[in-house]
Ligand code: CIR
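Presented as structure tokens, the chain that follows is alone, the form predicted on its own.
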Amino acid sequence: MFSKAIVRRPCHCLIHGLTTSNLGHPDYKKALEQHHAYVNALETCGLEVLVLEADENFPDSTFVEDTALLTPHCAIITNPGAPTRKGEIHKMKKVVSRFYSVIEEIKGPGTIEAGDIMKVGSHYYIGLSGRTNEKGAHQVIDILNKYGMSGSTIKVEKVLHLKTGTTYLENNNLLVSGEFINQPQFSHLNRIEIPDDESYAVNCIWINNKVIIAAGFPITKQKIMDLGYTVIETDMSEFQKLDGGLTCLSLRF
């Protein structure tokens, strides 16, 4: 169960954030409105949300998930693979230190963004992507092992982050799309396949038996409801333009 979340308001230079999409530039005013609705959704799930001020030095800084991994036993400050995002971790370390007395850090040349890390029980699957390399992943695994947790790596070949294509909904339920549908490491889980035309909706958030999903994906919504979860929809169109999903916008613990 989660009780808290950390988010950061989008900055004006959000419109210049990193992206591989061809969906156009985000509308800043609309992004602010969507972010506010996102915070409301977190609060509806029972979370106390710390909203950090926008940081105009870093266009992608609203995607706070990539800067830290918050585990039950320690916080791990990452080392983002995108050069323009590396500076985000310094402020996040100060914020995280309000809640965690044990903080570990990933050192270069290891790189990792927590959008590539998916927790299933006490095991953490780590995607090896364009942003996360083997040295970074193995540093994380060593830290996890130190505190009685475990980790393993999975190749990410076609999407930005591991959690772009798969997310865990607890209760043994895993949403999968594309390259992760037949991933052997997930064979013990109840895999719910999401069609390619709704693959964006795979990135959703389980919070205290509710699931927040991107609005506008009826097949995914129905599949999640069929599993017995309460579903909350929120519009993510402006963040989708920046390859950002629901998990990206918060640190939950």
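From 1 onward, residues are counted along the sequence shown. No experiment lies behind these values; they were computed from the predicted model shown.
Note that the form predicted in complex with this ligand isn't included here; everything after this is about it.
Stretch 238-246 is the contacting one of 238-246, 225-233, 21-29, 5-13, since its residues have non-hydrogen atoms within 4.5 Å of this ligand in the predicted complex. Every residue in the set Glu65, Gly115 and Leu160 has a non-hydrogen atom no more than 4.5 Å from this ligand in the predicted complex. Contacts between 76-98 and this ligand, taken as any heavy atom within 4.5 Å in the predicted complex, involve only Arg85.
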